[in-house]
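We give structure tokens for two forms of one protein chain below, kept apart as structure 1 and structure 2.
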Structure 1
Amino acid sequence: MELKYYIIRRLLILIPTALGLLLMTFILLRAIPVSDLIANYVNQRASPAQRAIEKQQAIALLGIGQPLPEQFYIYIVDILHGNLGNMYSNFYSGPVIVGIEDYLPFTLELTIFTVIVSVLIAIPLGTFIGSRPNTVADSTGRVFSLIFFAMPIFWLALVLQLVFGKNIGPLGAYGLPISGQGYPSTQQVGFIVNGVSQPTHMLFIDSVLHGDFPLALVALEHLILPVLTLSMSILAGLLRFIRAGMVDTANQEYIKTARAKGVPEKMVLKKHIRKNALLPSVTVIGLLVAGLLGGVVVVEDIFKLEGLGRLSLAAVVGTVGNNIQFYGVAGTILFFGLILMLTNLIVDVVYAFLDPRIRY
């Protein structure tokens, strides 16, 4: 099967998967009492008259009183139009979709750096220990991977913050440094418009693109500890799979044949063993992203970073008068699920490109 047909087939499989995800979030919302569901569309800080108007608008918008299939249809239409409901919390108040748009870039930046750091370290280190089975280096690597794979991510984050984060000041809105705390003011920076850096909304990347390296160093300073925290669990998992793949591939008959023909050991290691051992690790990266998304919530809260993780946590905590913001929870769950689906699609396509046998 050609690669393009394989991609089309994988895209078609995403349709029932996405519908299943929508159905789960819909059931989650409809399992909530109607009064609490409507309350998430009503600003509790508004006047009584305004709250009454918003309540009637919410009843009409949600299709309350209509059959469940029709309500599900209305829910899908609202999602397609970007209406994920509203949430009101001490962290963010407003449409959920706007909150996701505002706080996604920092989480995305954090995730990109975490994946890059994990892969760049895991491949050479996994190759090194995997090519030396049952040695001191191999035993040390396995112990390291086991410890950090089992270590709670919140505990590691707290330790790193206490040991190395004492001199790092907090960030302000949208991941921007706060002026007056030893950091350059961002109010006069040309590529920061309405408190958001342009064009990617990721401060470090935008600073590099515009040549503002002092500000890029400030942004990088706040990324190091969170990225290091998230990288440890992913790195530990990748090391185990790369090491196992290296050892298993080294015992294959074609590797023995290559060595018998006199192929140099370095070429056998790089061209034959490592290339084939890395194929299963591509799939593992997609699975580890699921754990990464969960870890982002904890890490962003501990390091006080304004990203999608803290937005989802704020939806759970809510406000004193109206605790759980159900639409905020459902919206972030739906978005995290879509990210995971997209990640798995990319992983499947990359795997099929590297190993054509997967297409059949």
Structure 2
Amino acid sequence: MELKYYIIRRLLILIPTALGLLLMTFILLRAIPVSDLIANYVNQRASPAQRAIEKQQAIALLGIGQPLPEQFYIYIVDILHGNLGNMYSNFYSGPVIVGIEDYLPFTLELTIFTVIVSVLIAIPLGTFIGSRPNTVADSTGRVFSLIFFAMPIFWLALVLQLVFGKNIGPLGAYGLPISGQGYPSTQQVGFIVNGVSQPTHMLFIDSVLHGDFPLALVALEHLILPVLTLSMSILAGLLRFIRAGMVDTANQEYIKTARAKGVPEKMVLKKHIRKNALLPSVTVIGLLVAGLLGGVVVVEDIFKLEGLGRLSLAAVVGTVGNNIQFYGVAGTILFFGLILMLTNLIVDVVYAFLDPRIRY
């Protein structure tokens, strides 16, 4: 089947981009004086002997004394072996890769929830307003999407906290939690511990899979406001795009053909307009996720949730005296890039699967 070859080709295109991404983090790291990089790797509170060992590790990791291409090669090999260096901050101290392992699942959970929620709302709503352009419903939808598209995420998060927050807003004690306190960290939950199955590392999904519904409820409670915040902007973007697609498709010649065939108006909308209008919006999801991942940093910071965004911020501003953790910065960038690249890959494959014109 052609789709298989398309996927293979798409994977091959991924390689130069991934290399470019690595090169970029490499350059970012090399913009820092080497002595600082070494000092960054070493845990300053450890014993002198330990520190000496770590210093040697850092020199080996950086490939000091080698020519630059050789250093880049060493860098890639290290990353493939999972060695991203160490970071020390109030939020997390230790090897960067372990930190990412711990915090990535939550970010994924947040992202997936947001995408699902916004897609589920955007498709029916977008087709609804797109099928009746220039009506009251349409103008309302447009104004709504315009405002939320232009809204600063951090501000929206704070306003939502003001309105729905526990012990803050009008809801009082019945409000939703505004900080990650009370959100069980992955280590605290029984079934995450070694020996027991831990399928996804995502708290909500895991607890549902284990039948622990009170815990799932707690997880859900903590997710509602962050997901709401994040989905607003992505929802607004999708809504705009779907509406434009619906209006555009409705003016296509083949819709006229469908009507000329005697297809009833309802079926024209369902069978001919909607599918053709929704197809291109699949591609937009990739773009919107890029914005969403930026929003994740903000939302995790505001709601004090333990995810990759929090980790990346901790590497920058999370230490006493703003002692920037370069390995943390580079490592989190790399993984954010990885998530985005995978999203784009999935989006492209799904699009190729849905649209017969792509598979040539």
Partner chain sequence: MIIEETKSEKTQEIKPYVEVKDLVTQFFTARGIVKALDRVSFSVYPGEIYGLVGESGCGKSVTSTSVMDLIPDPPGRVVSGEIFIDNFNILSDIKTLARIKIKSETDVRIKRNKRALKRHNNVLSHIRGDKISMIFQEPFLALNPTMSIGEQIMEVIMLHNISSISESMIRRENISSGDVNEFITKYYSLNDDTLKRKTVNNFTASYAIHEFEESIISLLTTSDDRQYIETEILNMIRENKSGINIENIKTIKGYYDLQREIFQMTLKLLQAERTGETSAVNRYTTEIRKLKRIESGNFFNLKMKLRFAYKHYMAEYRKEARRRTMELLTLVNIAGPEVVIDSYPHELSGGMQQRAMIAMALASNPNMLIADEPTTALDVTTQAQILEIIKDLNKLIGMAVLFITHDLAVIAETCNRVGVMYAGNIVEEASTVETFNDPKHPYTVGLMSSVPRADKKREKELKLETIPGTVPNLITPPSGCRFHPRCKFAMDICSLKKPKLVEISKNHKVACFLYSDESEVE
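What we label the rigid core is the largest C-alpha set whose atoms superpose within 1.5 Å from one form to the other. Bear in mind that the values here come from a model prediction, so they are computed numbers and not experimental data. Residue 1 is the first residue of structure 1, and the numbers go on in sequence order from there.
- In this pair, structure 1 matches the form predicted alone, whereas the other structure does not.
- Comparing the forms between structure 1 and structure 2 on their rigid core, the Cα displacement of I27 stays under 2 Å.
- After superposition on the rigid core, the Cα of L68 moves by less than 2 Å between structure 1 and structure 2.
- Taking the core as reference, the Cα of A52 moves 3.4 angstrom between structure 1 and structure 2.
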